[in-house]
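Taking the form predicted alone, here's one chain by itself in structure tokens.
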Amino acid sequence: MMIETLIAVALVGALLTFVAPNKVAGKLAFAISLIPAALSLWMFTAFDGSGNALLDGQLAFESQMEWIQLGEYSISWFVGLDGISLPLVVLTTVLITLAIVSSWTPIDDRQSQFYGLLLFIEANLIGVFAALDFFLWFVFWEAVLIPMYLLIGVWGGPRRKYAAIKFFVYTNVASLVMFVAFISLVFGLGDSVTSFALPEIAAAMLEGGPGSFAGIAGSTLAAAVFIAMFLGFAVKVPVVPFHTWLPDAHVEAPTPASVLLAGVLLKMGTYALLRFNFTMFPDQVEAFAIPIAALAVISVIYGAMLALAQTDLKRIVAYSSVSSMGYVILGLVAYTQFGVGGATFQMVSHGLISGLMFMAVGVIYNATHTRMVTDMSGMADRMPIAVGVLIAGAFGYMGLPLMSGFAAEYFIFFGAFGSEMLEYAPAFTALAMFGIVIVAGYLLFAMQRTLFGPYRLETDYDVGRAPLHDVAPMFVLLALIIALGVAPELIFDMIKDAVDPILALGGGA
């Protein structure tokens, strides 16, 4: 019942925080968030699962209970964790706690509702990564959208309503496409499935796949479902050309919402791609490997080029996420242990690094009330601690050795270069590696313009040392980034055990 406890504590905490007085809401939310964070870290140390949750895996913290009978199909409360999902649950609980602390300075209006929504998001994110029944998973998946829409729309910047509506429309339409595709698949599987349990559906897919449904041949249906689900998840990732909602959402969102959006919500898309497309459809992965790899490389290069052209620090970090998620897609389609394992490692690493970068940009904005590169200069003299952490985060993005970004990118490139499934794998890998050069270029250019040289910002605000509660969360993230960079086996061994069964389906290695 550990997973249920995590979700219940976050939900009850959300309710308590929602009705608490504004002046104590932040401290109350922080205290409550420590419980899921501590429990998830204990679960990490006590993890005794093996294999893959959808493929003959031994689940950890599993529980299953019949819930609803829907015609011939049963829906159950079915949750459990394996080496892919547990690191993402820990990432979620830790980032939520740190995001709450980082909210104490910038959020000064309707704090109770703000912190209540953060805890509500936490409960549903844990559900997304732990659910093993499609309907249960879809409920958690959709429930994440509402609080994020409100966080952007209520506490965001001048164009918050536009950004919130754009975020909601893009992601909700994508969810609808994915939902219709998956239900069509279940009907196509016919009598071979009697529930929406994902392990049962995965087994039916691997034993023969869907039959003819509504006049559509089984092989055609499988290919159509694969494409529709890929497109639905690609919006959430986001993959170019479905990325346009992301910069607007990030720029208008308050800093804590940006931390969660880049740190965890984008991982919902890559996690779903791994669980559904790359686990249930090995034949389609091989058939569509080249188009998928092309989209991945385009996302890496195009996202980096867009970041290079920006003058808003937050928008630079936002476009960097598009590029980083391209690496994840390349690792997945490589279909090797280091490729898929590195993609999963990158989900965690990018969650930590992007969270650090958005927090650092938020601290600078709180002090200067501007994020424009053209307005700032010499910030290193006025805010040396915050600027130092920002530089460390930027080096993490560039893939500096002994930081988690280096380990993630090394795993992905090594796995992609040796891929036997992906034709022209060395060429795709080389093009993706060129993205690192562009990333280093725009980050170094932005830092040189804003952090060094004579101080020339004209403002009435007190630009000085940031308070401890603004800086402390960034040091925690930096410590985790270095820890995973120095000892990637802390999570990579666990990830490999869950990845190997997937590769065995398609003959990957």
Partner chain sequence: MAPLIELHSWSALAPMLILALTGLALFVFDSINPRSTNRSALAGISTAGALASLGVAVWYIVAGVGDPARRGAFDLFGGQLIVDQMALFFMVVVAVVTAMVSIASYDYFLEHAYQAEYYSLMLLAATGMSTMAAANSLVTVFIALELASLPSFALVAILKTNRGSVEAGLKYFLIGALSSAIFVYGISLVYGATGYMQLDAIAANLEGAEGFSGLLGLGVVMLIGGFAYKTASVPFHFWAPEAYEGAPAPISAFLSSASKAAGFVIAFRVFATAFPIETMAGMGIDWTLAFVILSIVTMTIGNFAAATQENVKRMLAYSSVGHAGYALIGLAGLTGTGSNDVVLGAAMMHLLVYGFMNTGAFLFIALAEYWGVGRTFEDYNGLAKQAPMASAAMTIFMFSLAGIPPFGGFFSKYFLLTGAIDAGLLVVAVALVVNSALSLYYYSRLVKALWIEEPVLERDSLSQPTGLYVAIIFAAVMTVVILPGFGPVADTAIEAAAAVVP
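Because the structure is predicted, anything quoted here is derived from the model rather than measured. Positions refer to the first chain, counted from 1.
Separately, the form predicted in complex with its partner chain exists; it is not shown, and the next lines address it.
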>> Check Phe434 for me: does it contact its partner chain in the model of the complex (non-hydrogen atoms, 4.5 angstroms)?
In response: no
> Though only this chain appears here, would Gly153 touch its partner chain in the model of the complex if you measure heavy atom gaps against 4.5 Å?
Replying inline: yes
> Can you check whether Gln448 is within 4.5 Å of its partner chain in the model of the complex, heavy atom basis?
Replying inline: no
> Quick one: is Phe168 in contact with its partner chain in the model of the complex, heavy atoms, 4.5 Å cut-off?
Replying inline: yes
>> Under a 4.5 angstroms heavy atom criterion, identify the one residue in Asn172, Ser212, Thr370, Thr311 near its partner chain in the model of the complex.
In response: Asn172
> Only one of Leu402, Ile75, Ile438, Ala223 has a non-hydrogen atom within 4.5 angstroms of its partner chain in the model of the complex; which is it?
Replying inline: Ile75
> Since the chain is shown here on its own, which stretch among 294-302, 342-350, 94-102, 141-149 would lie within 4.5 Å of its partner chain in the model of the complex, judged by heavy atoms?
Replying inline: 141-149
>> Is it true that Asp191, Ser195 and Leu490, all three, sit within 4.5 Å of its partner chain in the model of the complex, judged by heavy atoms?
In response: no
> So which bits of 33-70 sit within 4.5 Å of its partner chain in the model of the complex, heavy atoms only?
Replying inline: Trp67, Ile68, Gln69, Leu70
